[in-house]
Ligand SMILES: Nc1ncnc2c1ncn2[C@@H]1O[C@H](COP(=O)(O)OP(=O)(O)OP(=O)(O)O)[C@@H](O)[C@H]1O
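Below you will find one chain, with nothing else, as structure tokens; this is the form predicted on its own, and questions on how it binds or moves follow later.
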Amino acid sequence: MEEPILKVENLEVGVKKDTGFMNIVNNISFFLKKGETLGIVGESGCGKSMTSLSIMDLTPASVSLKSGKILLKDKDLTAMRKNERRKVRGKEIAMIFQEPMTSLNPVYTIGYQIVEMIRNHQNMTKKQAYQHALNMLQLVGIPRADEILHEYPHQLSGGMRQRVMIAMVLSCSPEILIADEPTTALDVTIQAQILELMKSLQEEMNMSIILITHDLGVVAEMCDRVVVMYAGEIVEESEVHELFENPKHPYTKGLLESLPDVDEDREYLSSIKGTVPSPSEMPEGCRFAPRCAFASEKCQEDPPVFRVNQKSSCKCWLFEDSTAE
């Protein structure tokens, strides 16, 4: 198998408390191959965004990395100094955030912000960087790009601001793009345009993408493989077709059953009973057991990750006859 471009190994991230360390992300591992799109899905609060912020070294001051490795090819990002990781961030790994209005500085023009990004990571004069910024805006389909460079974020629509963010993060040709709910704040038509843009730019630049979302429709359209997270843990990892056709974990099945189906005449949608536990009140053993219809006494023990087949792994005792990883 081709060596992954990014590997996350046994990552634990959390908050220091008087009573000890409270995990937000608990011992997760996954990989990303060159040119593929990996989806990370789950309910709000499951640790998706904190995982991406840990990779980018952008976690809040109160949050710290307890253990684990983040390997970018042969480099361990967790072993780097802050200034070394700052050079990687933007140039080799870039990130699009959920709300572009909070990601763009409202007091600087679009052109100033993109040019600053380019000059921080590329050996260009101001004139060269300005021309490159103009080219990038044109690449992402922004009309009258030369005028937009002189405008401020509040003068643009949500869809246009997100295109500006994509132009900015791709201006240094990163090998990996992390997109954290990149279309949540946009209407359906603009959402489709942004996703299509990301897909075409990925093919053009041979870029790898980590797509963080709670929208399984977006996952089906965009992703090659999927990681399903629940309560700070990875409960299932699978190729996208395998996940939709043959989901393994009860939580994944619950997510898929809650989707509306135009071919079925249903008065009510299925739902998963209960709520996601808070990080300070995690149940013993399997974290999904209190909400699971298949829970047994065995679930009082924390299950390992079982390799179900070549395409899927699952953190559930229902698959204890499979090989544990």
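Numbers for residues come from their place in the sequence shown, where the first is 1. Please read these numbers as outputs of a predicted model, since none were measured by experiment.
Heads up, the form predicted together with the named molecule isn't pictured, but that's what we're talking about next.
- By the 4.5 Å heavy atom rule, the three marked residues I166, L211 and E221 all fail to count as contacting the named molecule in the predicted bound form.
- Residue contact with the named molecule in the predicted bound form: N27 places no heavy atom within 4.5 Å of it.
- Using a 4.5 angstroms limit between non-hydrogen atoms, G47 touches the named molecule in the predicted bound form.
- Taking the partner from the other structure, the named molecule in the predicted bound form has a heavy atom within 4.5 Å of a heavy atom of P279.
- Under a 4.5 angstroms non-hydrogen atom cutoff, the named molecule in the predicted bound form has P60 among its neighbouring residues.
- Here the chain stands alone, but in the predicted bound form its contact with the named molecule, taken as any heavy atom within 4.5 Å, falls in 49-57 among 49-57, 31-39, 287-295, 66-74.
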